[in-house]
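Starting off, we have a lone chain in the form predicted alone, written out as structure tokens.
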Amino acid sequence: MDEKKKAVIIGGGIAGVQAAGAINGMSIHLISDEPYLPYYRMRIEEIFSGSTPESLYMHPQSWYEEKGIELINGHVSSIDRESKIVKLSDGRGICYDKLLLATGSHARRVELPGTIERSFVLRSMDDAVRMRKELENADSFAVLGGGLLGLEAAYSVASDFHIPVTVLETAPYILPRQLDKESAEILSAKLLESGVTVITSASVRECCGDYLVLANGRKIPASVFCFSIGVDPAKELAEGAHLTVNRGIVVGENLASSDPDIFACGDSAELNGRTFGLALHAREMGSAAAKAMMGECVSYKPSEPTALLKVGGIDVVSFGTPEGEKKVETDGEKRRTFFIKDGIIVGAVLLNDKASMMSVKAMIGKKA
């Protein structure tokens, strides 16, 4: 009987786990460098509310055993393409026939003049656990960046710790990639009712004790401070293995890298000059990469981006791109904003209208 071919996946995020669960007929090894079962990274702010790491796990241990997935905890130090071996920092070597890089991304942070002892990025489970400990003794909290994760973290801290919370956004309004200005202002007002102050067009000049000083001299209380200013694809392993990289690991529509036996998906991948940072695309790419690793013909086309957020009791759903001519429908409670270019609906934003999500999503790309 022929020995099964070996599929090795580096990365325990959504993309890696999705691929592992979709591969058939191969032995599967899933490598993660975190001491937890794979978890939903976009939910880690729930740790602030008292959730346990286990409550965020994607699947129980039994799921991996039933799927025949061997979970390996360790840090990958290099890839030997010639011998087809993944090398771990503890000296272990894992052979592969097909390799998937689902290495995710790194949270950005900037060096600011002055010092602030309790500054964090919010990217891993350990980040969230450490932040929660610091917040227990904090008297104020600030987030630099008005993106999805930053807003959810701000709202969670305001709700659970009841301390002053400030979001500092360099753009003219929050969520500029997902929302139009009017929808963003409605959301900012709702956040304020929940105890979160949003300051836009804000530039931090320096840290000064438990304060951040803005370019205009305004002082913002911040005994705990979190960077939420985006991510960069984790491409170091690919660079070390001399694969083609740009902003991310460059792949074709079959998600293969410049080495036909090495694939990449999720945040770490770059397809047609584009990188990806949404769970939607991580799941799609994980499934597509699994098929490609099994030898199927794959031509991955990313879906239009969708973002979901719930802040202060208000549901926010964003599809496509918020640009072009706007058409607004509202009854005072619910609000729909459609974006139209050349007679085609290219995007939509729903406030307090999650029930219409699927019907509106089906309209994207159709004639207005």
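The first residue of the sequence shown is number 1, and the count goes up from there. Note that the structure is a prediction, hence the values are computed from the model and not measured.
One more form of this protein should be noted, the form predicted together with a small molecule, which is absent from this view; the next part is about it.
Put simply, residue 337 is far from the small molecule in the predicted complex: not one heavy atom of it is within 4.5 Å. Within this chain, residue 19 is remote from the site of the small molecule in the predicted complex, having no heavy atom within 4.5 Å. Using a 4.5 angstroms threshold between heavy atoms, residue 311 stays clear of the small molecule in the predicted complex. Taking the partner from elsewhere, residue 349 is found to have every heavy atom lying beyond 4.5 Å of the small molecule in the predicted complex. Residue in contact with the small molecule in the predicted complex (any heavy atom within 4.5 Å), chosen from 95, 163, 199, 280: 280. When you look in the predicted complex, the only residue of 122, 179, 220, 204 with a non-hydrogen atom within 4.5 Å of the small molecule is 122.
Stretch 27-35 is the contacting one of 61-69, 321-329, 296-304, 27-35, since its residues have non-hydrogen atoms within 4.5 Å of the small molecule in the predicted complex.
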